[in-house]
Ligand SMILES: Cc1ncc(COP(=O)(O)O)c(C=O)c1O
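The chain below stands alone and is given as structure tokens, in the form predicted on its own.
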């Protein structure tokens, strides 16, 4: 027995991906982190490349992954308890750091309880498994992250118990709610806080207002869920993300420690009964090892930093960099999507030009993400830049000069 026949079939399938332009590029391997050398921020060495690279494609918005206190917290926890939990949570794989992190993130997002997962992706899937039954109806924004789309697909509900509303369109959300059948007992309206490829945000206050009009129609009500993975820590007056920025808090918050906090893992925050239901019913929580104590300790320290005067200073520095880059794009006559978030899209609207700019940036030591046809429709081609707190004015000026020269 061998996989020879299977390999031939898989090779043909992969060739289709390549031919259609949907195949992922070869993964670049980062070999070294180079600390900041003023006036420039940190750089990275990539295997088989001579250049030093600035990362404008990193989710580490607060640049905390190299913070000495975060590293020390992870190291101390590992030395005390080891590097792995050795079991799933309900078979004595729960350590004090897991409880501490759940308590800390719940306080940070102003919810009474929380449950941590290996990622926000598994958090969304676990939430769907915990909340869904045959009388549940899910409604999502058309630009929701893949993890939400996947969660809705695995929720084991009939196809007709799902609705999609046009991006941030309250009239279309109302249409979806109107179409919910009379047999439904609970409706879940789920949306990204920050839409990761665009940097725009969900109007939570308006969404909640629409949902409240229909809440009394259903036995369990209309429940609002925000996946604020790109928002939490990264913006809002005190870094509490999209709910803080919008002045409205959804019923359930899903998030990650792997972006602004610079660590690893995800969470669900909500009522104690919800969190207990997640603990009892979410396969993606029950049947897999939890985060290591190092991840938990590092995440706790990162939240503490964010929730301090130092954190406010980091946010202020991040906002300064965002403003500098956005004003620079405006000065160059470049099109973007307005917003206060560190995700800043450059609307190129041409596939060949998008590839050309991304390649030019790479050749000059800048990492950025290009989205071209057929990944996005023709005319929506984009380059996504992500400003981090570690990016200095000199870094941003350098990138802007490259964008000016590439035309």
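Residue numbers count along the first chain shown, from 1. This is a predicted model, so every value here is computed, not measured.
Just so you know, the form predicted in complex with the named molecule exists too; it's not on screen, but the next bit is about it.
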Can you tell me whether residue 284 touches the named molecule? I mean in the predicted complex, with a 4.5 angstroms heavy atom cut-off. no
So in the predicted complex, does any heavy atom of residue 120 sit within 4.5 Å of the named molecule? yes
Report whether the minimum heavy atom distance between residue 147 and the named molecule in the predicted complex is within 4.5 Å. yes
Answer yes if any heavy atom of residue 124 is within 4.5 Å of a heavy atom of the named molecule in the predicted complex; otherwise answer no. yes
Which single stretch, out of 221 to 229, 291 to 299, 149 to 157, 127 to 135, brings residue heavy atoms within 4.5 Å of the named molecule in the predicted complex? 221 to 229
Only one of 317, 324, 336, 196 has a non-hydrogen atom within 4.5 angstroms of the named molecule in the predicted complex; which is it? 196
140, 262, 265, 239: which sits within 4.5 Å of the named molecule in the predicted complex by any heavy atom? 265
